[in-house]
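To begin, one chain is listed below as structure tokens, in the form predicted alone.
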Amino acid sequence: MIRINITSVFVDDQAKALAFYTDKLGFIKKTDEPAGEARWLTVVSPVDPDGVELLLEPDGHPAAGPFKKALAADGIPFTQFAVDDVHAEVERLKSLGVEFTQDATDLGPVVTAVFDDTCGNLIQLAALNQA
């Protein structure tokens, strides 16, 4: 059966991205190997260290920069992360200096929020509404 084991997010600086995704978001570094001029650099959730890896992929391809800028300009998140409680996670991340473009918003069946990952992406947090 096909399964997802790695997904990626384009980043403008792998060192900056690693610091943000580990120090602010709480992911842990899984793989860090040289890969030409860049690194094969992945992080995982501490809740599931053998689960899906997030590749912090350099945005050096000529299409990556304009793609990221267009998404951000239109307020479209590059990807989405699941949390148990969006409101609590927003408060935790704000206390660490993370900037949000959309505070926790109840959209009926789901609560979402959107933050800037400092690497050129908007990222959405989401949780099913328990109400």
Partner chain sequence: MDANPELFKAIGDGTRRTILDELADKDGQTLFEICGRLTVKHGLGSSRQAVSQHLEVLEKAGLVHTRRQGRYKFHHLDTSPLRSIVERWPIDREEPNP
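Numbering follows the first chain given and starts at 1. Please read these numbers as outputs of a predicted model, since none were measured by experiment.
What comes next is about the form predicted together with its partner chain, which does not appear here.
Asks: Residues in which of 70 to 78, 50 to 58, 83 to 91, 27 to 35 have heavy atoms within 4.5 Å of its partner chain in the predicted complex?
Replies: Looking at the other structure, the answer is 70 to 78.
Asks: Spell out, yes or no, whether the shortest heavy atom distance between D13 and its partner chain in the predicted complex is within 4.5 Å.
Replies: Answer no; every heavy atom of D13 is more than 4.5 Å from its partner chain in the predicted complex.
Asks: With heavy atoms only and a cut-off of 4.5 Å, decide whether V9 touches its partner chain in the predicted complex.
Replies: Answer no; every heavy atom of V9 is more than 4.5 Å from its partner chain in the predicted complex.
Asks: May I ask you to check whether L18 falls inside a 4.5 Å heavy atom distance of its partner chain in the predicted complex?
Replies: Output for L18 is no: heavy atoms all beyond 4.5 Å of its partner chain.
Asks: Which of the residues spanning 100 to 125 lie within 4.5 Å of its partner chain in the predicted complex, based on heavy atoms?
Replies: Residues within 4.5 Å: T101, Q102, D103, T105, L107, P109, V114, D116, G120, L122, Q124.
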